[in-house]
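Listed next as structure tokens is one chain, alone, in the form predicted alone.
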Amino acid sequence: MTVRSLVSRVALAALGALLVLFIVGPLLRLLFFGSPESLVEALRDPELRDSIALTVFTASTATLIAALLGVPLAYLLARRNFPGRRLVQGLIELPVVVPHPVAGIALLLFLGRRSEVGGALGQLGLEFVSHVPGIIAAMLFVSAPILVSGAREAFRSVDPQLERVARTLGDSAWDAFRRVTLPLAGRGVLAGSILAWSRSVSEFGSIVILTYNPKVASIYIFDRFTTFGLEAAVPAAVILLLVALTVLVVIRVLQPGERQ
């Protein structure tokens, strides 16, 4: 190894280390700012427990809806060429680049009581603004693109020849998908679903506009911070961070091993 090559590697490592430190530093500071006693005390707050339970329920519901609607779409995007395919793919990914307060305002205009869609659904007893369905809608809007993208890449990783072999052996298109493609892509689809779930849990910007009450965990933390200050918000923030770290570990376990 030449001196120039060694210097280049050290410089690249140093630049990367600075970015890693910038990301890890604040998280470690947050983890060690609160004491275990403060976490236990925070968990005794019924409002925090209710917000965590509501967050888990709404995020799980949004992820289930995203999977039911998004997995078939991901398969079509991965396997079929049809007019407007790139347009559909771009539209699905659009919420990723839309600022979340903008997403909240758009959902408010689309699902609010004064809109045609919101008014019609309201007559059926389905209210979104300041109701639980509004939280689910906001979570679904921001998390569905993540699930569709992960599932699409998982389906692309499965050799189409395996489906064709199954079809020649007598399987229908549905049977080939159910018995061959979906099991082989299952880990990738599940990892995308868990990532979408974690994205739903962390959502704040669109929910705070559409449904401030009842409070999910992110809204609860914001409310504690603005009302009582930093120290009152830290325990709940640490609990949510621990949930995110757990999800990250699960995703890394489910993802296929990296090529050496």
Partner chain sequence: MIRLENLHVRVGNFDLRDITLEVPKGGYALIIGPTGSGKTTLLEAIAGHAQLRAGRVFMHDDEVTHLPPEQRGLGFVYQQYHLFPHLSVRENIGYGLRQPRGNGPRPADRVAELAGMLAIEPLLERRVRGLSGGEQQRVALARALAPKPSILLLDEPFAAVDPATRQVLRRELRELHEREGITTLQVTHDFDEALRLGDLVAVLAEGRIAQSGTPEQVFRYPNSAFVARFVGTGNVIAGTVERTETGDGPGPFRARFTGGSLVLDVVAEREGAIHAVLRPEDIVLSLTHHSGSARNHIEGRVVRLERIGPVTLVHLDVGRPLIASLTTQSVEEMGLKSGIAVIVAFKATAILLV
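These numbers come from a predicted model, not from an experiment. Positions refer to the first chain, counted from 1.
One more form of this protein should be noted, the form predicted in complex with the partner chain, which is absent from this view; the next part is about it.
Contact with the partner chain in the predicted complex, defined as any heavy atom within 4.5 Å, is confined among 68-76, 142-150, 97-105, 180-188 to 180-188.
By the criterion of a heavy atom within 4.5 Å, Ala120 is excluded from the residues contacting the partner chain in the predicted complex. Mapping the unseen interface onto this chain, Asn81 falls outside it, with no heavy atom inside 4.5 Å of the partner chain in the predicted complex.
Although the partner is absent from this view, Gly125 stays clear of the partner chain in the predicted complex, with no non-hydrogen atom inside 4.5 angstroms. Proximity of Val129 to the partner chain in the predicted complex falls outside the 4.5 Å heavy atom cutoff. Relative to the partner chain in the predicted complex, residues Ser38, Leu43 and Glu47 are all farther than 4.5 Å at every heavy atom. Just one of Arg113, Arg85, Arg164, Arg156 comes within 4.5 Å of the partner chain in the predicted complex, counting any heavy atom, and that one is Arg164.
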